[in-house]
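Presented below, as structure tokens, is a lone chain in the form predicted on its own.
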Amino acid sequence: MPSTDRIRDHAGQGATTVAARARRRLRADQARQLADLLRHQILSGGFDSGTLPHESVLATDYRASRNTVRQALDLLRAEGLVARHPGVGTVVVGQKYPHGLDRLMGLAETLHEHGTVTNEVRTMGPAPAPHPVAQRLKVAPGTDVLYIERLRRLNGLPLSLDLTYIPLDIGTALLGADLENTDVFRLLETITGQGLGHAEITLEAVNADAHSAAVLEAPRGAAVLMLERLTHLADGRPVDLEFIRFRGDRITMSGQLRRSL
């Protein structure tokens, strides 16, 4: 075969490969977009029966190919939200609990409609404040603060691992309190005689370290939602610094934002 013909054939094969990759990438993009739409419906109770429509119905409703629908459902299965049952179809098997970001509330207050929140106090006692903690709580570096580590469960299901730092002049009164069944927020208001005022929060996704994964019964390296929250009393004093690791497959964060320029 002349060299020019070989070059032409090779170029044609390359174009076919590029086109196939582009089709696969497009289908993957469409599957991800469809999974996002279906996830919202699942989490908001859009499928009353607990069973998703047949793949052909989803394909028609969302103007997608059957392959795209299957890939979208595969993504949701990997997240643990749905499962395929022979003779039944795709059913909802997972649930995420809503956690609002527009009100300052404890976890038991936030999730009271979904069941009982209990706390396993794993560590509790005075500890020297690391410099970043002391700075945030406005105490001298090295000053003792109350350190608390709690595993928090909803209806017995591990939900979050909370690391809390509280100034010791307030925290001492917590040592004999019922932390297993009471939110720290309520106890702080009782101890100080004033309400909580506001909190500064940061939310990010981090990978679960070996300790966190074991405690939360999550796969090592799984993504968890890390909520850092510094809570102030009504008079402005910082009183509670928390680092909360939520299982990302069991919680969803939401809030209402208003545009202000």
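This structure is a prediction, so every number in the text was calculated from the model and none was measured. The numbering used is simple: start at 1 and walk along the sequence shown.
The same protein has a further form, the form predicted together with another copy of the chain, not shown here; the description that follows concerns it.
Under a 4.5 angstroms non-hydrogen atom cutoff, another copy of the chain in the model of the complex has Val133 among its neighbouring residues. Another copy of the chain is not drawn, but in the model of the complex it has a heavy atom within 4.5 Å of Leu161. Put simply, Asn207 is close to another copy of the chain in the model of the complex: some heavy atom of it is within 4.5 Å. Within this chain, Pro238 is remote from the site of another copy of the chain in the model of the complex, having no heavy atom within 4.5 Å. With contact defined as any non-hydrogen atom lying within 4.5 angstroms of another copy of the chain in the model of the complex, the contacting residues in 100 to 115 are Leu101, Asp102, Arg103, Leu104, Met105, Gly106, Glu109, given in sequence order.
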